[in-house]
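First, one chain by itself in structure tokens, the form predicted on its own.
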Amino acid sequence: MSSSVAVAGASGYAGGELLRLLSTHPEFEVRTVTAHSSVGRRLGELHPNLHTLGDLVLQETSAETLAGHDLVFVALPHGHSGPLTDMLPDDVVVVDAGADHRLINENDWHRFYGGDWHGAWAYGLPELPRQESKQREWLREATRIAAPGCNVSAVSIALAPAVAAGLVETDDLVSVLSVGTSGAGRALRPGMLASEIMGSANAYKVGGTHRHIPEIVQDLRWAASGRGETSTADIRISFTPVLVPMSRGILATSTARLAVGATEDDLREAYAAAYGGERFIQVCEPGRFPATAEVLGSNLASIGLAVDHDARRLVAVSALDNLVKGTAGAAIQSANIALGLDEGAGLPIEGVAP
């Protein structure tokens, strides 16, 4: 029997992508979709690509509307899901695609987000290496799951194996990302207009101000020690996202100074050990680096590795679709694990080309 599913925040890009993937899931049946300003409208008016779900009518986003389902996905702006999910019954599996339940350190929440902190949930990046396991071990039978940030996934996946193996110095990490415009959400903003973004690229949230930084640090501390908040690992990263004229995708170029004695062979062995059995992470053969076009529409993250011998730095280039592996795909993958289903159920590996 299929699990009944509700998607809160179905009018946005993340909500729409959740519904696209859920529409073909063999074990989930979407019964309820909610929104705010679009209440009463047909889903197909907002997401005309969702042909099989288009006749669903958007309802008010409330605990009463969401309760009674087996599984609830929440795709609301940061700061909005915490008060709502606090009111949902314990027997409902809830996956939050926003940031409200990602950070284990309350001070980080107040510094980078502000407002009330609602506590951390099981973290939904299944492949993340921890000291002697993977993050998926913490997802089994979880009833509250926080899906990771899209930029975070691109950087954490790229650097975690090297950090876990002690092959890089963790106090000198640098990541520069090319990011598609859908990562900023669907709300109308002047800087997101086609006339503003087409033919241009611009850095934003420069100088250690981006909200995803504490989450990346948290991930890499887990990779370094497996002890989360009590970790003593000194993780320092200079993180700079660059908005580029594409609707989807993230290409992250992350570098780290090599530890004394670390070699390129050591690095490739560490990445093979970390991701060799993972269906949704691909490590490219030597000399090849991924492009965002290869992973669009896919739940796959692809990583290319090199060593800059003169600078003595690892260079890890990662590509993923911010709406799939970066958001909706990670949420569904985590829900599959929590419910004891095939981890890849409903999730595509093949990308869309051209």
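Nothing here was measured: the structure is a model prediction, and the numbers come from that model. All residue numbers refer to positions in the sequence shown, first residue = 1.
If you look for the form predicted in complex with another copy of the chain, you will not find it shown, but the lines that follow are about it.
Contact check for residue 211: every heavy atom lies farther than 4.5 Å from another copy of the chain in the predicted bound form. Proximity of residue 77 to another copy of the chain in the predicted bound form: non-hydrogen atoms within 4.5 Å are absent; the residue sits far from the partner. Interface membership of residue 306, defined by any non-hydrogen atom within 4.5 Å of another copy of the chain in the predicted bound form, is confirmed.
Another copy of the chain in the predicted bound form is approached by residue 296, whose closest heavy atom lies within 4.5 angstroms of it. Only one of 83, 119, 245, 277 lies close to another copy of the chain in the predicted bound form, with a heavy atom inside 4.5 Å, and it is 245. A heavy atom within 4.5 Å of another copy of the chain in the predicted bound form is found for one listed residue only; from 104, 237, 92, 142, this is 237. Comparing 153-161, 269-277, 69-77, 197-205 against another copy of the chain in the predicted bound form, the single stretch with non-hydrogen atoms within 4.5 angstroms of it is 197-205.
Taking another copy of the chain as it sits in the predicted bound form, the stretch 1-27 comes within 4.5 angstroms of it through a non-hydrogen atom at 13, 17, 20, 23.
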